[in-house]
Ligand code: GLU
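Only one chain is included here, represented as structure tokens and corresponding to the form predicted alone.
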Amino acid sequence: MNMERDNPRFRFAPSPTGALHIGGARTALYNWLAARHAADGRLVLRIEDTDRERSTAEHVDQILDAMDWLGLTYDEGPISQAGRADRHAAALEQLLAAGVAYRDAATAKDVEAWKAEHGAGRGYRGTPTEEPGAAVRLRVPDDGETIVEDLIHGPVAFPNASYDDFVIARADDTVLYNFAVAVDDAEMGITEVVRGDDHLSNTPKQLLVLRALGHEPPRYAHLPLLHGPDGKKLSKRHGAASVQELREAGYLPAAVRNYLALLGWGTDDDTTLMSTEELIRRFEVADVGKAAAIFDEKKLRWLNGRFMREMPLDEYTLAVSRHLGREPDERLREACAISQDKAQTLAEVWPLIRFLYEPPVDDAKAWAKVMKEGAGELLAAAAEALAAVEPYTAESIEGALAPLLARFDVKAGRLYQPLRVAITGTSVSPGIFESLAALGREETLNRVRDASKRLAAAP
């Protein structure tokens, strides 16, 4: 976003009616990146909790937890919109006193009848009343247009004549969403509003409120919505739906930040992997495209895998330990060292290293596929070689086992896959030589001999 105003102020304003979904997380990220990109940018976190029936403290906690995990800090807040009811009431009284808002007792059926008489394409104009129990409407001009100068979509015009004198407060004087948002943006000094383009239709009403109150409007940028790979609106059927689900699936915050940033925005040189510092330096809201962006969890997994492989081992071990709830001790560090190039998410690490902590799993399919005729003889020869190898390292183990391939005239898979199944129970593990070394000679020999006995006892 072109920062012409001094001290640009952004805001992220989620409604606490559910967990922070991926689209909301991208909106939060874009506001955060833009605020951090600006020399004196500030980010305000406002919780739009005026829907008292659906807003819960639990959902607020989930939003704060998600932002904390993503590393999206804010400079002010969290500010409860519901807690600003007195400011909304004062603004409402200001408009009533100025005559630009009025009370109207019309019901929905009354409005419907009015439109039937005057034409459905014409906005409803009410009749002021002093009757108690009447809602408050804002006067909308009968002519002209309300134009949203949008940084992404360009100028978007809305004919005033098509808008009702819309309700800004219920009969009990509790204000409605568009009124509260406009008042809050004005009084919090928000200069930049970056949000999903599902809010574009709300913007003319908010502009009319701001003008009625005599406030300069912020600049708007409405982001394209996220779709799944099938081109349909993003939902749970496309994979993880919330930030917490991404964390539980084992994604790294830095990788998620990188991937979400690329959903609608990109660099001139099509750089894919970027540190958070580089994202901050290069990000411009003006570079966001108009087309719907595609969230593809397969691409996120690939990107996350790249981040994981490039992490220093100690940092990688710490991330794995936190995900697994284990101490980042030397044993886990060794396990991480042999699995780092295999896993694409933290959740994929445990199946790879579980054999170092637990007995082999019982994978009947892997056993049937690998433990074929001749496997017992190969395992016996391997056990003999492993018992004598010195030192017991991956390099020495490879050197001791390699001659068996020529001796039995078999390809590598015929020897190493039975060994893999013998020590892990499954056909998927880190490199076989590294796995044998990490497991240790004694435990390796015990497992290989147990597998040999099982083969000998099979009918």
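From 1 onward, residues are counted along the sequence shown. Note that this is a predicted model, so its numbers are computed, not measured.
Below, we turn to the form predicted together with the ligand, even though it does not appear here.
- Across the options 115-123, 255-263, 275-283, 176-184, residues that bring heavy atoms within 4.5 Å of the ligand in the model of the complex belong to 176-184.
- Listed residues Ala437, Val448, Ala13, Ala25 were compared with the ligand in the model of the complex; Ala13 is the one with a heavy atom within 4.5 Å.
- His199 is the sole member of His153, His199, His323, Arg333 with a non-hydrogen atom within 4.5 Å of the ligand in the model of the complex.
- Contact check for Glu48: a heavy atom falls within 4.5 Å of the ligand in the model of the complex.
- By the criterion of a heavy atom within 4.5 Å, His88 is excluded from the residues contacting the ligand in the model of the complex.
- Put simply, Arg195 is close to the ligand in the model of the complex: some heavy atom of it is within 4.5 Å.
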